[in-house]
Each structure stands twice: as structure tokens, then as C-alpha cells.
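Just one chain follows, in the form predicted on its own, and it is written as C-alpha cells.
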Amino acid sequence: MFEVKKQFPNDFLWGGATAANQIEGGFNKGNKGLSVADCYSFDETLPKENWSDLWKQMKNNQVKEAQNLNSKLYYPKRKGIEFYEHYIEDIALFNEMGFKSYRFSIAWTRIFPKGDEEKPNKEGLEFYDKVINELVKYNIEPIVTISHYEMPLYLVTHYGGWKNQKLIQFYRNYAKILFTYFKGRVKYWITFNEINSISRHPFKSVGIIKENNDNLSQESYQSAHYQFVAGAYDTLDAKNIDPNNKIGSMISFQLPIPVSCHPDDIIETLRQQREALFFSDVQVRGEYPKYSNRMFEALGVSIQVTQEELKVIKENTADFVAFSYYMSTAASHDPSVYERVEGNLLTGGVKNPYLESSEWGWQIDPKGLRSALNLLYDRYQLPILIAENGLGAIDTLNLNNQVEDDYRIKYLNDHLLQVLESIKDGVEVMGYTPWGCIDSVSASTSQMSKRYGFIYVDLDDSGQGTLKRFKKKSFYWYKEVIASNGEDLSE
């Protein structure tokens, strides 16, 4: 009864994760519509510190230019790594690594190009039909994210994004098509990727353009409420269509920790934790937490809700919790006293003097993953999926067409050792799908040179390259880890 589990479960979902808007390409194929991701251009002449700023905010003139299909600007996410054409080759490589699962997203604009159509786009369904069949062929469990930073642009320009209640029904129609069409082949679904990212980058999360809104917090949390309702309807509809379906809530959780033992730093850490966990609290517990009253008051937010919406949220909660973890975040009530984190760390925070940093200034904290897993499991008592974890780095393809990415192996190995420690702690970890199992366009900077994958893709920041795939050293390392069910990890 009280036996300590000392190894990864036999049914552990080893795999990897990607997003449609970062790998698929083919933006003008198969009757696909434009998405918010298609609005992000890349200009390597800009100072690097400005690249992530372009991601966090979007302006009207940028959206207008993005709709000009004759624009001279380069939009990397429209090209991705051409998974649309290479999916058979790429899935075969995933199988060679031994993947038990593959977390990927479906592009909403492939199924409903504008988002408000009555009938789905047949060509889009047929593409994902082939992708999922390929996964099933290799006994790779699909884990599908329904919306991953790529809502239809038409829903932004004509409806104002998720602040409009009408989007609940548009999204519900879309999700029901997926549940019906892929019934029996997809069991695990994630409603919204990193749903708590709304406050940091509202355009790609909920389709809100900051310069069009006087109270961004008001519009953001109203949009979040409508996503909560839509996600609850996902759970209801998914189980009505197939009782075996499992619906997950996903947040970005970079584990805020106090930079010192000053009482005010402790309080600031609690505030930041609640700011992130508010979103999963609603989706998992089925109601707005009491602390949200004070949070909304401080932000000047007064969201509109109906009793029917609250009832749907209450009665249709998530089956599992998914989260992304790349780093921890040191919190201070007075950040000016400390050195700020470097690079394009979107979550902000101050520098932790005990941690090393990646080339992009993201601080590396494997033990923070163990702490995050324990915190989430203690809070929710549900199976947990580590939906994203990884190291962005500049990889060099040598003369033998190999990448000696020992730095990535160390990062992943050290984090997986802490996952095992959390399992010994009693946490029910259901799987590990590190980000991006194959190189892809960076979500934050639209670079290709910020690489995460086990598979190198020959493509540069300006979109030039052969698109050939090459196995990195980490490819073979991860293959051994999976084959041994984690027993080959290095202490």
C-alpha cells in the first residue's frame, strides 16, 4: 500500500511535441485560411532584443500587411519546416526513436479557413486523417492540441477575437468535428495551448490587438472566460461522442520562486503562482477561486458571466493537467534591486544567482521541474503530462552531417532525473513530450537558428536551405532512454 515507485511506469507516454503553426508550412495549400501566426514576419536586421517584442504585441498595420499576399516581408511560420509535405518521413523518424506518443496541434484554419463556416474544409480533414493514420500505423499515441496559437485571422478582423462571445460556438463547432472525425483514433486532447499566456501575448492567444483596447486586462480576462466555457464544452462534447476521450488543461508554468527569504518576496511569489495557476484552477476545479476577486479588483477587471456558463464550467472539468516547463522564475517585490534575467525570457523575473542560463537567457533549473510537478499534483490530484520541456540552442551541422548536442542531452537528462524523483514522491506523471522533437520555427522570435529538436532541419532564419533532415546525437540518446524506459539516464 505504501510502496515507493522507483521507475517510470510501463505505460509512460514517451514522445515529443510540436505545433502546426511552427512546422507545417503549406499555408496556401489545401484551402487553408490565414491565422494569427501568419502575421509574424522576421527581419534579421532588427536588434535581437526586439524580436520577442514583435511576438508579444501586434499592431493594426502589421495585420493589414499580413493580409497582402504579395507582401515582400518574410513570414517564417507560413513555411515552417514543410511538415505538410514531409510528415511521412518525419513520423518514421519519430518511430525510429521509439516514440510512444506524439503531441501535435491541428491548425484551426485547415478545418475552418475563416472560423465561422458551417461546414468543415474537407482537404484539411483529409490531411490530418493521413497524419493520424501514420501515427496509428506505428502505435504512436496521438495527443492533439485543439488550438495552439493559430486561431483564424478572420475571427480577429471581423469579430474582435475571443472577447466576442460568438467565438465559443465557432470553436465548439470546430472541436466537435475533430472529436467526431477522429473518434477511436485520438484519445487525448488538450483544449488550448498554455491558456495562461493570454496576459503576456494576447494577440496570438486570443486575437486581441493592444492598440484597439483601452483596458487590455479587461479584454484578456473576458476572453479567458469564454475560453474556459469553450473548453468545458469540449469535455462535454468529447465524452458524449466517445466516453474514452480524455481532455486536458494546459498552462505554461515556469515555477515562480522567491529570490530571497524577505516576507514581501514570499508574497510576490504567491501572487505570481496564483496568476499562472488561476487558469488551471478554473478548468480543473470547475469554479473561479476566491483569490481571483482581489486579483480582478487590482487589475480593474469586471468580467461578464452567465449562470449557464458557470454551470458548464462546473460540470465539465479536465481529466488531466498538462504544462510546459523550461525554467523557474525568481520573484522579487522590488526587481530593481536585482539583476534582471537576460535574453528574451518572456516571463520576466530577476536572475537566480545559483542557476546557469541558456544562450537565450533562460535559466536552467531541473530541480524546479520536480517542484512544479509536486506542486501541481498536490493541488489537483490528477495525472500530469509534461507537454513541453527543452533547450533552445544554436546547433552546428558538422562536415559529417552530424550535430554534437551534448548540451541538450545534459539538459534533458537532468530534467528527466527530476521527473523520476517526482514519481518517487508519489506524483502521477503520465508522459513526457519534450519540445520540439524536430527543429521548428521559434514561437517567440520566428528564428530557425533557435533549435530544440532531436532532428536537425536544414533551414536558416531567412528560409533558405534544403529542408533535409539529419539525426543529432540527442536522437540516439533519446532512443536509448525510451528503449530502457528511463533506466539509461545518467546520474
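This one's a predicted model, so the numbers in the text were calculated from it and none came from an experiment. Residue positions are given as counts along the sequence shown, with the first one as 1.
Only in words, not in the display: the form predicted in complex with a small molecule, which the text now covers.
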Q. Residues in which of 447 to 455, 461 to 469, 29 to 37, 426 to 434 have heavy atoms within 4.5 Å of the small molecule in the predicted bound form?
A. 447 to 455
Q) Here the chain is shown alone; which of A66, M58, A443, I438 has a heavy atom within 4.5 Å of the small molecule in the predicted bound form? A) A443
Q: Counting non-hydrogen atoms within 4.5 angstroms of the small molecule in the predicted bound form, say which of F112, W362, Y411, Y221 makes the cut.
A: W362
Q) Is E388 close enough to the small molecule in the predicted bound form to count, meaning some heavy atom within 4.5 Å? A) yes
Q) Does any heavy atom of E194 come within 4.5 Å of a heavy atom of the small molecule in the predicted bound form? A) yes
Q) With the cut-off set at 4.5 Å between non-hydrogen atoms, does Y149 touch the small molecule in the predicted bound form? A) yes
Q.
Residue-level question: is Y326 within 4.5 Å of the small molecule in the predicted bound form, judged on heavy atoms?
A. yes
